[in-house]
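One chain comes next, on its own, written as structure tokens: the form predicted on its own.
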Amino acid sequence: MNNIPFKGVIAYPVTPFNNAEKVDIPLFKKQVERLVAAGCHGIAPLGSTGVLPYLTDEEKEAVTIATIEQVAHRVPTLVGVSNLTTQKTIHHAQFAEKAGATAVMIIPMSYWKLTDSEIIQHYDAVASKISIPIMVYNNPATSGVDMSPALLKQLLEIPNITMIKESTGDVQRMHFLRKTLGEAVAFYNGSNPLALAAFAAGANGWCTAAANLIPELNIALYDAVQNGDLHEARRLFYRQVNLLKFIVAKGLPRSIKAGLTLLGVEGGEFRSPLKPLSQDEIAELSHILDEVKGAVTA
């Protein structure tokens, strides 16, 4: 088993809906193809951008199958399988593995705040039922749980937990992870505005929805870091940082779908209660995209 199958820009496709708020699988496949064709290094459906909590079990399975069919082994796939219960998380993890996913990503979702012991038992139970690698997703803004470096270290003792996605927005946490856990552990940046700082801290990759809008800049930043060209990396990061801040501040599904529309790409509708950006927000995004796209062609 390839325990650390991801590096570079791992792209998060949106989940598009039709006017009846049903998942539009053909359009979703087009979104996935855009990301693969753009050169992204991995595809990660059913994350925050894909509005995982808003989907039924059947819809999650349909999106999983559609992703794996469309990617067709060209790049690795990282499927979000998180659920409120351990039983359901196991179900979706096993489904993803059987469908052909390269790895799964799990965030500890819960109505009640979980203890460290409960979190460890949750991950251990899922890991014992699958053989593909697991990426632990730490994002207290969405889960309400901030998994400490000490807890993450304990989770990494579970054999097929080999990757951490760190989304606290604290670059010092990333430095601590690398220093404490060493080079054998892969961690990934999930905080878009920290893209450059995270790579400097030793991140193996960048999990981002921005690749739906500016994949060429995202990939160029990663390449510059890999080439050791800090000057070029800074230049590329500064070109895109306003967009990275915007999509986080305004919400990834809303921002990405609005951005796709501005680029002339169909992004699909929303499932309530999510609604589109306001006209003022769309105008702001249009201005930012014009600046970014001008920078790409300059």
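Sequential numbering from 1, following the sequence displayed. Because the structure is predicted, anything quoted here is derived from the model rather than measured.
Form predicted together with another copy of the chain: not shown, discussed below.
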Task: 4.5 Å heavy atom contact, residue 196 and another copy of the chain in the model of the complex - done: yes
Task: Heavy atom of residue 237 within 4.5 Å of another copy of the chain in the model of the complex - done: yes
- [ ] Although another copy of the chain is absent from this view, report whether residue 131 comes within 4.5 Å of it in the model of the complex, heavy atoms only.
- [x] no
Open item on the list: Can you tell me whether residue 118 touches another copy of the chain? I mean in the model of the complex, with a 4.5 angstroms heavy atom cut-off.
Closed with: yes
TODO: From the candidate stretches 69 to 77, 95 to 103, 82 to 90, 211 to 219, select the single one in contact with another copy of the chain in the model of the complex, where contact means a heavy atom within 4.5 Å.
DONE: 82 to 90
Task: Check all three, 5, 27 and 186, heavy atom within 4.5 Å of another copy of the chain in the model of the complex - done: no
- [ ] Using heavy atoms only and a 4.5 Å cut-off, determine which of 263, 38, 62, 241 is in contact with another copy of the chain in the model of the complex.
- [x] 241
Open item on the list: Need the contact residues for 203 to 230: heavy atom within 4.5 Å of another copy of the chain in the model of the complex, sequence order, or none if there are none.
Closed with: 225, 226, 227, 228, 229, 230
